[in-house]
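What follows is one chain in structure tokens, specifically the form predicted alone.
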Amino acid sequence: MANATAYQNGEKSLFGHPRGLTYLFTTEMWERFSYYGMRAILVLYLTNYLLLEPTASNVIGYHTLKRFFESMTGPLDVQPFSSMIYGTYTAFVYLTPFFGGIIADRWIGQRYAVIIGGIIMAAGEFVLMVPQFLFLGLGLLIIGNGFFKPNISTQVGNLYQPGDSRIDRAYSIFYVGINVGAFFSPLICGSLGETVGYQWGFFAAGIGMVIGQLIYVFALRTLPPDRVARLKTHTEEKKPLTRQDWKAIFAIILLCIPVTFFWATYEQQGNTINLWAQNFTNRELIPGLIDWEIPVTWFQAFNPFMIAAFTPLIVSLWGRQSKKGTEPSTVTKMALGLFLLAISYLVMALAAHLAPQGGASWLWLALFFAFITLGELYLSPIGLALVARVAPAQILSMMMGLWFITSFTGNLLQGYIGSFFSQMDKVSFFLMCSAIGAVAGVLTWLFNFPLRPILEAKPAADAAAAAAAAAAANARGAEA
């Protein structure tokens, strides 16, 4: 872990981890409830209501944005245009964390950044309740997430000393928190949006964000001082980046390339997979016996539910492999994640092949989500832990923001890829997504050979520096 003055107060309340992890887990759970609740209904809101006339013409900025996209792509019908809006929004949500990380590292610190971001995001959800202000609401969410996202994630790493082996497990636990919120949000926000009105789905998402902020403010007493605070109190000194630091930065940047393609296909869940569930899936629970239909937005809960269910199994597997000395390296795990994602889209291609006119069983979607969830577990929390472990403390939030830029570039590409959903044969579309994941997996696996020595050397160097600092502190205490 990069922070040599990491905090430990000796209090443990969640599987042997610092008490602050429980609060960060809960804060992020409610923030993700807000984000994924809104995301579950956004494309449906756009395609089924907002982008249809006469409503569309009343949306401020509608004609300007449509002309901008059409200048690059040609005429856009409702579905391709909604895909471009969705992709652009979900992309910029992950661009601003880079700048939010810089602001936190240099000026306001991680604590204030999270509070500012949360307030702006809650306001954005409530603004979305007014159809005319769609783009203002999305803009507020983009800005707020820039402050919130990188600075809540880095505070997890601050709870642990350099070299503490618990950090990978801590991020896996933290990731479960993300997905507990993401599981309930489609059930609540999605159901409200589909049955009562989309604006009430956005309202519920806003309430979730407010709850998360209240929990975080209460939790501040359990969290370590951030780097800006430590510099002000002279408990940490500014240090230049070392040669090993620059190697670690280069390794993280290089890994951003294939991870971009993971998000470009993974994020189709809220876009084209949502439309597949609505238009091409037989959603009857048990055809011929139970004719109740699974609501479209509920499929967005499959992935987070499986995250919570599969995480203990995956962590246990890695533990057994570690004891045997066969646990894959970080980069190998990420490559496996991409290969599992590729398999998930092969499942969808088979479903489309067997039901070319639609009416595919919802069980195909369940199998799709099972594979893509396993892929996510092998890549996403591992990537967060990697950045927290090897990024230099001086620019930790910025580097976490840089890692989230893979979601920016991936979602921009996702929106473009998704625009072909209504134009291509569905088998070909899903095979294209699978091929993108497979090629990125091969590239990541090849990166393992040059990058593994760099990534493994950085934590060891940090741990040695922390041990030397502790020894020096003890020596000074003895002299006193």
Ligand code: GLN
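Basically, rigid core = biggest C-alpha set you can superpose within 1.5 Å across the two forms. Model, not experiment: these values are computed from the prediction. Residues carry their position along the shown sequence, with the first being 1.
The following text describes the form predicted together with glutamine, which does not appear among the structures shown.
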property	result
Interface stretch in the model of the complex with glutamine - options 317-325, 78-86, 259-267, 391-399, non-hydrogen atom within 4.5 Å	259-267
Option touching glutamine, based on a heavy atom within 4.5 Å in the model of the complex, out of 364, 203, 184, 175	175
Touches glutamine in the model of the complex: residue 151 (any heavy atom, 4.5 Å)	no
Contact label in the model of the complex: residue 376 to glutamine, heavy atom within 4.5 Å	yes
Residue 36: touches glutamine in the model of the complex, heavy atom cutoff 4.5 angstroms	yes
Exercise: residue 404 in contact with glutamine in the model of the complex, heavy atom 4.5 Å	yes
Any residue of 81-113 that, in the model of the complex, places a heavy atom within 4.5 Å of glutamine	94
Did residue 35 shift 2 Å or more between the shown form and the other one, C-alpha, core superposed	yes
